[in-house]
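Take a look at this one chain, the form predicted alone, written out in structure tokens.
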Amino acid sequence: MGEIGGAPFETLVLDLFSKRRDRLPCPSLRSPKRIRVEEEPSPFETLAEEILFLILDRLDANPLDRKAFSLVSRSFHAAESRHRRALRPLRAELLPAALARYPAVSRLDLSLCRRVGDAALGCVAAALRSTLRSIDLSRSRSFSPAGLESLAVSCAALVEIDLSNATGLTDAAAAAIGKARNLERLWLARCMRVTDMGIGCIAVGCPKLRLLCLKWCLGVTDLGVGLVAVKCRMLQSLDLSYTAITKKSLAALSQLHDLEDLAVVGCPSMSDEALSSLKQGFKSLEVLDVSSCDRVSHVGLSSILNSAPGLRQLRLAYHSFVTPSISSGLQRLSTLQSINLDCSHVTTNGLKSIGSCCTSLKELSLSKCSGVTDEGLSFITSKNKGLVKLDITCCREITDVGIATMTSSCTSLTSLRMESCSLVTSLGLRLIGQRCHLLEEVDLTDNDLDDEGLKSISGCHKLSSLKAGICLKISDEGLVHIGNSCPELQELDLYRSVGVTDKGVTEIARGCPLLQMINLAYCTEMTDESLRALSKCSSLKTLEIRGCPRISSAGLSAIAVGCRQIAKLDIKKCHDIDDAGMLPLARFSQNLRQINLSFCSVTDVGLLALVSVSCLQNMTILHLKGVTPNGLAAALLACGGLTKVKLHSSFKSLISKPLLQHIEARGCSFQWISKPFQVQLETNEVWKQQLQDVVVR
């Protein structure tokens, strides 16, 4: 304290060296104290978690809906995190953050992550130790047996693993899988390096297996299958397609009393002798697939069918001849509901025999079968009036006579596929909609369909999928009927149906708000007006408009703004789409995964803009004159989620080899195309005539 004129004063001390923030030169310079204001609690915070879970259960699968829900309040955000049970990340590096956000995940799909290392699997094992029940690694690479072992040992609740296409998987990895003691379902399709030793480890370690897929496991023989039959007594479904098994395996499998589904497609040792050796067993078998077994005739087939009286589904695709002799094995199958004869040679008497023996069929597939006539089709459909699904794709001998009998007999059809039935006229096609009102899926691609036919099909008010590509007689008039009467339509294919214009598409967009996929490729009269109308379909996920020269960036911008769920986009040969169309895509289409930019007017600017789309995985970039090697290299380097890229081979020598190797090491595969530039597009009439010439030859 000092004193001036008898008046005391305070000494001012300046501390210029202290790092303490509370030492201010004057009390008046101190920061004012913050006054806490008590905020009123949000009414949403008082809702019980059970109520929030009920709301989440009723939300659609749209991720934007869940995101909006989580942004309502803190309690909503926490509830959404705890409620989610399924997770499908785009890249492995996103796993730690995703698992921290969603601790209750039970189903983890990593099929979109091309490179999943041991560190990522270790992270999964640590975060989902008690909750994980299913993991999909069917398209993933880079993990080792150690990573699989950490997963199998740590996650005691794990019951399902999909390792399909893991061509580098060895017996050591199979031994690691064998430590998942509670495993019930396992897919090892195309794991060609796994042998009987690895399968033996799985059989011993996983006695609770109910489903096992060993398709294309070339190292698996009778020894491995025998071990599975001995140790996995609860097995219900087994796929041994394209393996080297013999009749010894079938004898072992006949001891599995719970086996319901067996596939031996393309097994070279499957013969009449192998099947005839089975005198008993397979009493529980319900589904059997012996497609592409060239050495199996009606003799061997009868043997195995006689030992499986409860069979419900039979697949005989690519069978040499379907003749009346096949009936000897079908006579006892009163429960048979589905038969698949795709790509087989069928005789009229053969179909009659099947129709006489099997009168409870619900599904019949004769796709690309030669020898199917009106007489045979009429007989089998008249005997099976309860048919729900029928496939007669490319049965080119069928006429209006067969269609008339089929439609009058099978009025309960929900699915009809008859692409390229060239002898059926527009009059025959009209009968489909007039008589089969329950149809939900119809494929009339490359037929004589006209507007009257579409009008009759519009009477199927539950229609969800309509394929009318290469139908040159349909126009806007027919689409107006579909738009007015089919509000549940989700998929529409109008590929090369050149009579369709903006008016028809506008009516579809107005009347079908649930539309998810539309193919307008080579519908040359389409303009931006169609895309502006389709932008109102907020659920649209797939849009194919290749070869539509009148569509520009303005129309594509409308799609980007209105259809935020768009995932697949094909704008090949849309020459008026340029960088102005890419910028809105980059901003609004964050769910975009696949795009074809070939022959457009996009430059480096537009290509680099797409880098911000984090979901983008598949790109086709051919003949883009405005794209330079440097711009392409920068885009490829910055887009870390790419898994497949199609490029013209001319770029291969212009991009540095180390850069390409670096991108491939991230999990991206390149496909180099050397197709020359085509200036003029062929007309649809010429194209169809060429197709017919090929078929005739």
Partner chain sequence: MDPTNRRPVYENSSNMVDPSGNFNPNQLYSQFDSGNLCFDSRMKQPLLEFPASFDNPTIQRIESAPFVNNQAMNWDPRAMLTNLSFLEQKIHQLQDLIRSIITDEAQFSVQPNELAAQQQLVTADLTCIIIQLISTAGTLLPSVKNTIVANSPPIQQLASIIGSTSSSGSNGASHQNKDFSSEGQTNKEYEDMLRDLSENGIEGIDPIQVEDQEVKDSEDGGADGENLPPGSYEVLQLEKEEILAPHTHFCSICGKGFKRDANLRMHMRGHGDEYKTPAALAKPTKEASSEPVLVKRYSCPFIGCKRNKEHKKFHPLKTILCVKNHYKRTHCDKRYTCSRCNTKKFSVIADLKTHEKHCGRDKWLCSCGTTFSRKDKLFGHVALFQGHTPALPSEETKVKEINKVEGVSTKSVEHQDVLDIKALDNDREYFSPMNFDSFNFGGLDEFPRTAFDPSESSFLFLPPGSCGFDQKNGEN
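Small disclaimer: the values here were computed from a predicted structure and weren't measured. Positions refer to the first chain, counted from 1.
Omitted from view is the form predicted in complex with its partner chain, to which the following refers.
Peer 1: Just one of 591 to 599, 501 to 509, 528 to 536, 117 to 125 has residues with a heavy atom within 4.5 Å of its partner chain in the model of the complex, so point it out.
Peer 2: Partner-contacting stretch among the options: 117 to 125.
Peer 1: Is it true that 93, 197 and 200 each have at least one non-hydrogen atom within 4.5 Å of its partner chain in the model of the complex?
Peer 2: Yes, the whole trio is in contact, each within 4.5 Å by some heavy atom.
Peer 1: Just to confirm, with a 4.5 Å cut-off on non-hydrogen atoms, which of 343, 223, 586, 299 contacts its partner chain in the model of the complex?
Peer 2: Selected option: 223.
Peer 1: So its partner chain isn't shown here. In the model of the complex, which residue out of 644, 66, 662, 648 has a non-hydrogen atom within 4.5 Å of it?
Peer 2: It is 662.
Peer 1: Considering only heavy atoms, tell me if residue 175 and its partner chain come within 4.5 Å of each other in the model of the complex.
Peer 2: Contact check for residue 175: yes, within 4.5 Å of its partner chain in the model of the complex.
Peer 1: Evaluate residue 71 for contact with its partner chain in the model of the complex, applying a 4.5 angstroms cut-off between non-hydrogen atoms, and reply yes or no.
Peer 2: Answer no; every heavy atom of residue 71 is more than 4.5 Å from its partner chain in the model of the complex.
Peer 1: How about residue 658: is it within 4.5 Å of its partner chain in the model of the complex, going by heavy atoms?
Peer 2: Output for residue 658 is yes: heavy atoms within 4.5 Å of its partner chain.
Peer 1: Does residue 142 make contact with its partner chain in the model of the complex, using a 4.5 Å heavy atom cut-off?
Peer 2: Residue 142 belongs to the contact set for its partner chain.
Peer 1: If you look in the model of the complex, which residues in 350 to 388 sit within 4.5 Å of its partner chain (heavy atoms)?
Peer 2: Residues within 4.5 Å: none.
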